[in-house]
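A lone chain, given as structure tokens: the form predicted alone.
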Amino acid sequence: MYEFDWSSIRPGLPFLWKGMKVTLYITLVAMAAGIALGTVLAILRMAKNRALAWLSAAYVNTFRSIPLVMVILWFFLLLPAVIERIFSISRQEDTRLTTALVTFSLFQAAYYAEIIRAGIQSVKSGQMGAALALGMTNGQAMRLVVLPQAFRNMAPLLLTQTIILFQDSSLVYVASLADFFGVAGIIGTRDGRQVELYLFAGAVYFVACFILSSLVKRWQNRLKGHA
């Protein structure tokens, strides 16, 4: 019968914390960049220009149709090799973290775009008409009137997607990046206690996501109460 030994966790906490900082950094940067790009994609998808709307829809549907782990592998393995061959650039620096940030930002933008598009559509059309009647341009009306209301409506959904992003960031282990999950695996392999370290990592992810999800749910209920 397997005997659990949790003695590897306490001395490994400093290294696990360093890994968690990498995980949080990827999550926060990808959230900010993803929301910014997702906002642009959402606006373009509702544009009257069919070409722009089609390109935005193609981007969103493509990334939403491909497993994230495949996108990570493409960016970490294929694209650097292609760039190196085309531009004759030798890869001397470790670009795994930068590549992870780009990968998650571009991938999450597709999901944020759909949330933001729904948020924009939830704002009554009369708001845009009233802003235009006051002399605002379409861009000013969208930026100053529609988007603030849309973000207020969709904030809980954006945060929920960010929690999913936090969970998905563990997939960077396929590129041997030392995030929280990756460090847990390294310590577990070193000490022969992979079961304990993976259980501990899973518990940390569960507690963090449960607390954040509860806060988002309370916020969502509060917004419904003020509606």
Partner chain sequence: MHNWRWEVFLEPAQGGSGATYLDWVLVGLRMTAAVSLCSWVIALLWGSLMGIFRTYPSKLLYGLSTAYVEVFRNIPLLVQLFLWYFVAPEVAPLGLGAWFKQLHPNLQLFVASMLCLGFFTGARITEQVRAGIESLSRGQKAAGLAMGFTLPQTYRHVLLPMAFRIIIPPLSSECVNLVKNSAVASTIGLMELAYQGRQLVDYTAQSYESFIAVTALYVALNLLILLFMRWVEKKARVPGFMGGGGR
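Positions refer to the first chain, counted from 1. Computed from a predicted model, the values in this text were never measured in an experiment.
Keep in mind that the form predicted in complex with its partner chain is not shown, yet the notes after this line are about it.
Shown here without its partner, the chain carries 15, 25 and 104, none of which come within 4.5 Å of its partner chain in the predicted complex through any heavy atom. Interface membership of residue 215, defined by any non-hydrogen atom within 4.5 Å of its partner chain in the predicted complex, is ruled out. Put simply, residue 49 is far from its partner chain in the predicted complex: not one heavy atom of it is within 4.5 Å. Its partner chain is not shown here, and in the predicted complex it never comes within 4.5 Å of any heavy atom of residue 192. In the predicted complex, its partner chain lies farther than 4.5 Å from every heavy atom of residue 118. For the options 40, 57, 29, 66, the one in contact with its partner chain in the predicted complex, meaning a heavy atom within 4.5 Å, is 66. If you take 157-171 and check each residue for a heavy atom within 4.5 Å of its partner chain in the predicted complex, you get 167, 170, 171, in sequence order.
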